[in-house]
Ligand code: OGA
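Next up: a single chain in structure tokens, the form predicted on its own.
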């Protein structure tokens, strides 16, 4: 039984605004760096909607990446300093690779980048200008096209072979400081998302062009979060799945402002790894 089959209204929840994409007839685009003179940072126009965001902890055992598109798990780390990129690569990458390979019953996991975020009130999320900020628009990190392209971009010599099997892009997200009460992550139950809710949007880098899904509002969406996450908890977020057999392929998510956050709560610090997950037989349990 999935989340939407349970009595969701019995769960604790907060009411918060989420920034959806306003309806548009043109493909949106965003610069991932300071834009050229005269160009806006983004042509995405936000449309805030006040929605209930339910506490997922009472139903955490019912979560599935292949249904809801996210799961909450425990995973301890030996990393002492997440500000040290060398330590992240040396310690955290192998830890996370082993954890994901076991958890997802994967044949191979390839970590292609990571992002450390530290919220600074009033700061915009402009890459290369101060710490990365929480992403406060509802989005999916990959699209059908960019998910496949990630394999060709990062493993070009093996791409043709790897793309014959099942490929997922899975983000591993964790707080660096806990309990996390500032700018938590909200995840949409992907079984409540219609294909037309996802709008492909260009993400322009200095040397390439990527693509993400922005998301338009649908009253059927059901949102969840894990309050007070600690440093030994992680969220697995499905950003792409090559499987087209009916399982969830894309999981929308966003940071949000929790109205119950104490005024003295430390600003959010978090790290996310983006990974390619391969199943050579084309499926997993």
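Remember, it's a predicted structure, so these values are computed and weren't measured experimentally. Residue numbers count along the first chain shown, from 1.
The form predicted together with N-oxalylglycine is left out here; the points below concern that form.
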| item | value |
| --- | --- |
| Heavy atom of each of 77, 96 and 177 within 4.5 Å of N-oxalylglycine in the predicted bound form | no |
| Close approach of residue 150 to N-oxalylglycine in the predicted bound form, 4.5 Å, heavy atom | no |
| Contact of residue 255 with N-oxalylglycine in the predicted bound form (heavy atom, 4.5 Å) | yes |
| Residue contact check: residue 134 to N-oxalylglycine in the predicted bound form, 4.5 Å heavy atom | yes |
| Partner proximity in the predicted bound form: residue 185 to N-oxalylglycine, non-hydrogen atom cutoff 4.5 Å | yes |
| Of 63, 237, 226, 231, the one that lies within 4.5 Å of N-oxalylglycine in the predicted bound form (heavy atoms) | 237 |
| Residue (of 139, 119, 166, 114) lying close to N-oxalylglycine in the predicted bound form, criterion heavy atoms within 4.5 Å | 139 |
| Candidate stretches 154 to 162, 68 to 76, 169 to 177, 103 to 111 - the one whose heavy atoms come within 4.5 Å of N-oxalylglycine in the predicted bound form | 169 to 177 |
